[in-house]
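Heads up, the chain below is alone and in the form predicted on its own; it's given as structure tokens.
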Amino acid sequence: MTNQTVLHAAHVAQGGKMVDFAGWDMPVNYGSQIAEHHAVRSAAGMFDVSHMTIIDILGEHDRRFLQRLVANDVAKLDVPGKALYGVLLNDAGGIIDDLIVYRRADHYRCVVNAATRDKVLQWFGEHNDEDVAIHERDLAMIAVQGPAAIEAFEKVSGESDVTDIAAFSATERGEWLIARTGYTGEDGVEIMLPGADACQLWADLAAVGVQPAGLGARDTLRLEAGLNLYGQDMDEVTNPLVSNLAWTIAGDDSARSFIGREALEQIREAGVDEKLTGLVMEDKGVMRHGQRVITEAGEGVITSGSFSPTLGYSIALARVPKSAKGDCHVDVRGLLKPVRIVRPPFVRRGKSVLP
């Protein structure tokens, strides 16, 4: 039996097409994935992301614990409210998961993927040399995204200073944590809050015209923004250096020994021969995960691919030879379709950023 979020009944009532996603019964769309995508790009959409795993890390040495496990350095979170994006690495430098870490008044909060919940909790437990408390929270989470998202959220929540929250930061309002983060390439907030409050907030947002959006639109939006999806664009056998995530590795402090650091240094010294980059195909057809990419420097593979509703043609992320550039081809059901290599993102704030 699949799990259900506290908003499940609302999804069904709003016509959500429910599918199994990482063991959760989640809406893939509410009738039109394309319409939901455009609503986020042009106005505001809301996503139920309560299936994500919220973990609080508490204890005298909570920072030291996270500095050991997260390749980015949580010491950057020098005041409560700051957040950072990072990865958990195994000893070989492979990516166990990506996550956001929030600094709170007296502890840290981690938000990790639903599909990786069990292995992340196990990894935290196995490496808990600092004797911290690892507390999984039973909270809902709603993402409100789009150019009108903050205005809509302020209207229904009574908050009046959300625009004062810096990007990738958060503020606390009682039991609510309001974060200026997202996964769409648009402005907006992600709110962690008790289940009963989430049901009311969802209904209030719908009442002022915020469009419910499902997993389908979430995927095309994040792909246009050039954001990785765990399990496709990165996993335990790929490392940050070949996943366009080298920027998440904080290696300035030579005394900080995070898990995977030695392996990454060896990989960097030997030199990487692959990169994760973008592809655009303005011809007819749609690029999909697993398709071959043929370049003058050798073959690669598409990790994520879809039709871009904003651009009107197909885009993809692909792992290709490091020296690959310019024009190349993708094998679409036996046909070699012309594509070109570009640097992601593809879309920012609703507009193409392609050359």
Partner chain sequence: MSEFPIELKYASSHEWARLEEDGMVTVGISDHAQNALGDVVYIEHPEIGRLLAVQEEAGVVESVKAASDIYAPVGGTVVAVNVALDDAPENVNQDPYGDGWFFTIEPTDLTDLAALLDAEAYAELCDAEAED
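Numbering follows the first chain given and starts at 1. Predicted model only: the values in this text are computed from it and were never measured.
What comes next is about the form predicted in complex with the partner chain, which does not appear here.
Looking at 233-241, 160-168, 279-287, 78-86, the stretch with residues near the partner chain in the predicted complex, meaning non-hydrogen atoms within 4.5 angstroms, turns out to be 279-287. For the candidate set A43, V301, I34, L58, a heavy atom within 4.5 Å of the partner chain in the predicted complex is found for exactly one residue, namely I34. Relative to the partner chain in the predicted complex, residues T5, F21 and K119 are all farther than 4.5 Å at every heavy atom. With a 4.5 Å cutoff on heavy atoms, N228 does not count as touching the partner chain in the predicted complex; it lies far away. In the predicted complex, S306 approaches the partner chain with a heavy atom inside 4.5 Å. In the predicted complex, K17 approaches the partner chain with a heavy atom inside 4.5 Å. Proximity of T184 to the partner chain in the predicted complex: non-hydrogen atoms within 4.5 Å are absent; the residue sits far from the partner. Scanning 299-330 for heavy atoms within 4.5 Å of the partner chain in the predicted complex gives S306, F307, G312, Y313, S314 in sequence order.
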